[in-house]
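In structure tokens, one chain follows: the form predicted on its own.
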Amino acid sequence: MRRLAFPAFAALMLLLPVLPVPDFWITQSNYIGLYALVALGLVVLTGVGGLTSFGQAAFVGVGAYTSAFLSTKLGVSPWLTLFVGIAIAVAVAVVLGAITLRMSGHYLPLATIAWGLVLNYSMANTEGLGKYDGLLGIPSLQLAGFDLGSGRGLHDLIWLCALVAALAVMNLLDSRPGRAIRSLKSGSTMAEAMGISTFRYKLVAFVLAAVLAAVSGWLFAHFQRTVNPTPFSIAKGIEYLFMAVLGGIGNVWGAFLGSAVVRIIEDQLQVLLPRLIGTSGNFETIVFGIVLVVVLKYAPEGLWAFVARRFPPAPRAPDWHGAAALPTRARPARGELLLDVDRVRKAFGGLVAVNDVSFRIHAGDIVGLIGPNGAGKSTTFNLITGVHGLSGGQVTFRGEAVGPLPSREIARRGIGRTFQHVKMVPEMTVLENVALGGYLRSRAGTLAAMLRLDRDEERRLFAEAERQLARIGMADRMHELAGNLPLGPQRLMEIARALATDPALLLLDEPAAGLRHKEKAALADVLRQLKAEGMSILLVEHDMDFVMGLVDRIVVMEFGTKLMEGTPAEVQASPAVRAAYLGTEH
């Protein structure tokens, strides 16, 4: 049924102009399609990527004013102005994105308000754009000698653009770059550790949202046949965000639902409220404010969530069986020096968290890094993987100094990792989370994904993800949402995701933390299996019983320094280690 929903909806909207419906319905439908294009961009940017923007109306203005100016002042064909408008929107988005997308927290939405105001003010005060009066006499669109006009003739073009955009966004979100964008909401640490440039994908989402807004602006200019700065103000930018949130900002169809609800209710309120109140004014803004508060309180996922719960998606059809394997890296020879940690040091202001710690890992070894709470284990781990920059010392991996590199470049060289506190994308399935680990082993870009040209590579990615899940005994849970898993399976899923990176060295940060006895036993079995397969592992752990039966050597830390290094038997017999854990040598 879900597979027929999109074709049925598309057919209805494209046939609407030939049905015996009032012209008013057609006008309303035109506005809904125009709004949905902008809201679709916000679904990608805000709902999926987690980047709040109040300035999308300004990009609508870029598309509208570009077409209006070129077609009225210079006589350029309106069809050519579409591509010019998109090019200008991309250029503006790249410049603004390069400046603002490095911000986080409340600074980013404040920055979008600032540049939204700047762009709108520029439109309203430029002589060539007609200042506040705008531009009049914009020509209608002509197609094969037929005048599309501003009603039924233009309806199908508006909705064709909206439906194609929706299909392209759905394709994007179900792809390698789409999973990278979906990982942004979970923070940059995990995504960068998978080799993903988080800034790059923030910029991709930002530019895509700007392009969709510019297309909407181009259509708006030839629909209205006039433009002025008012529809592109910061207030309209807030309204677009309201549409996306109301409909369901994390879902493509929420953009359409929110746009329809806002347009229809806004129009009705403009008629009903003056009758009820007895005076005219923009009282619908008050109603929408109340509605937004209620929705955020009782339906934070938007109105589309009620539809999604009634018609849940079917599990992904396993079409990847028999797919070719992803490329693999050359395996290190047994005994080869993999990792050389040489007198690494990390200071946070006046606090020295790690002080001159050194150890080595050879291919085929499992090395344990243990110590009491606060000993500096996880900080050392993060120095090796590039999460923290070195204050001193050097980290060398397979003969290359990797200390100055960012974590995504270290991942590219063959170091896979898990996290002390599980990091994942809870809204994605287990299979999709593990497929995220294959990012560096695949190449498909954003445009190929939107055009569905990446299907062969996607099958290879999912085949690899299923293989790694089977390797750790979780293939039967691959279609579950990752956020619904208990802690133990979540940690196993993280290991499978790290294995999907095809690491030469696997780093596990307290994988047994918070697990019950049976879960620890299952995890120990998985690690023994990996050891038997020749995997090299650095295991950061504070559970001595868990570590002793697994590792070849142990490095013990205390107060940020290396206390000792030796075999499990030597560590167990050490009075210094007992003193570190128990506070006494007796």
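What you are looking at is a predicted structure, and each value in this text was computed from that prediction instead of being measured. Note that residue numbering follows the sequence shown and begins at 1.
Keep in mind that the form predicted in complex with a small molecule is missing from the display, and what follows is about it.
Proximity to the small molecule in the model of the complex, defined as a heavy atom within 4.5 Å, singles out one entry of G134, G514, P372, P231, which is P372.
Proximity to the small molecule in the model of the complex, defined as a heavy atom within 4.5 Å, holds among G178, G130, G85, G376 only for G376.
Contact here is defined as any heavy atom lying within 4.5 Å of the small molecule in the model of the complex, and by that definition not a single one of F199, V204 and S442 is a contact residue.
Although the partner is absent here, T72 is not a contact residue: none of its heavy atoms lies within 4.5 angstroms of the small molecule in the model of the complex. Within 4.5 Å of any heavy atom of the small molecule in the model of the complex lies no heavy atom of R471. Put simply, A330 is far from the small molecule in the model of the complex: not one heavy atom of it is within 4.5 Å. Mapping the unseen interface onto this chain, F348 counts among the residues with a heavy atom inside 4.5 Å of the small molecule in the model of the complex. Heavy atoms within 4.5 Å of the small molecule in the model of the complex are found in one stretch of 262-270, 349-357, 186-194, 308-316, which is 349-357.
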